[in-house]
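Just the one chain here, laid out as structure tokens, in the form predicted on its own.
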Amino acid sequence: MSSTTYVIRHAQVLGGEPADLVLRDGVIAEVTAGGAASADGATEIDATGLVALPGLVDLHTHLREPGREDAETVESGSRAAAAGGFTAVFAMANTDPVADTAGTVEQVWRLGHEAGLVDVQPVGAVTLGLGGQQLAELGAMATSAAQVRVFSDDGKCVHDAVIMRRALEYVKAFDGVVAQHAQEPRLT
């Protein structure tokens, strides 16, 4: 198995001075201040005037696939994210069909994996169809290939306190998170 090695020269490490970074198989193996790193057979990239920082994560992305591929696909959204310095995106559940089953979240996850540009983490719906009436398949989404850990009805709040409590208790079993749209519908 061959390794891929890059030397990124003269990158300004966030909060520091310019340095050379040696990357082996996508992992930073060495940081040399002042620029003296060497690696035999490495591809060199001049990063003079550029800043090296950790990859960004977008916790609220609308990739629209499945169902609204005319607006955006997982691949086109991943391409835009990568171009903007993002290494991971969380794809919201308000697709068509809604990402409220293991099958749908696995589809989004696989499309992201096939695109291979950024990590695509599907966000599962809290309730079926984002309707607020019945819990979605939280456990099935959590144990699916997508291993969903974040759940949200996105632009809709789960306004039923009993359903929200059940969701919070359910996701606790697998260290999941419920992201609530903080809005009281009776006041708005």
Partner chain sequence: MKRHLLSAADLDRDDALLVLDTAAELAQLTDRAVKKLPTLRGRTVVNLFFEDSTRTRISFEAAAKRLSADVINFSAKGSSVSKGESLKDTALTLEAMGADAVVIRHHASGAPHRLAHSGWIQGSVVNAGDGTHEHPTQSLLDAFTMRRHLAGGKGDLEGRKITIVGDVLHSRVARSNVLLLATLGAEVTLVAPPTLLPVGVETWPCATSYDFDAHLKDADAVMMLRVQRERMNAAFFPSAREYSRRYGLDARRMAQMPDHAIVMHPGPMNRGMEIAAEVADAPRSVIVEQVANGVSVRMAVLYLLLGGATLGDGTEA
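The model shown is predicted, which means the values in this text are computed figures rather than measured ones. Numbering follows the first chain given and starts at 1.
A second form of this protein, the form predicted in complex with its partner chain, is not displayed here; the remarks below concern that form.
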* To do: Please state whether all three residues 60, 65 and 107 have a non-hydrogen atom within 4.5 angstroms of its partner chain in the predicted complex.
  => no
* Pick from 120, 146, 136, 158: which residue has any heavy atom within 4.5 angstroms of its partner chain in the predicted complex? -> 136
* **Partner-contacting position among 130, 42, 163, 150 - heavy atom within 4.5 Å of its partner chain in the predicted complex** => 163
* **Contact stretch among 46 to 54, 138 to 146, 65 to 73, 25 to 33 - heavy atom within 4.5 Å of its partner chain in the predicted complex** => 138 to 146
* Does any heavy atom of residue 13 come within 4.5 Å of a heavy atom of its partner chain in the predicted complex? -> no
* For residue 177, is any heavy atom within 4.5 Å of its partner chain in the predicted complex, or not? -> no
* Using the arrangement in the predicted complex, list in sequence order the residues of 167 to 181 with any heavy atom within 4.5 angstroms of its partner chain. => 169, 170, 172, 173, 174
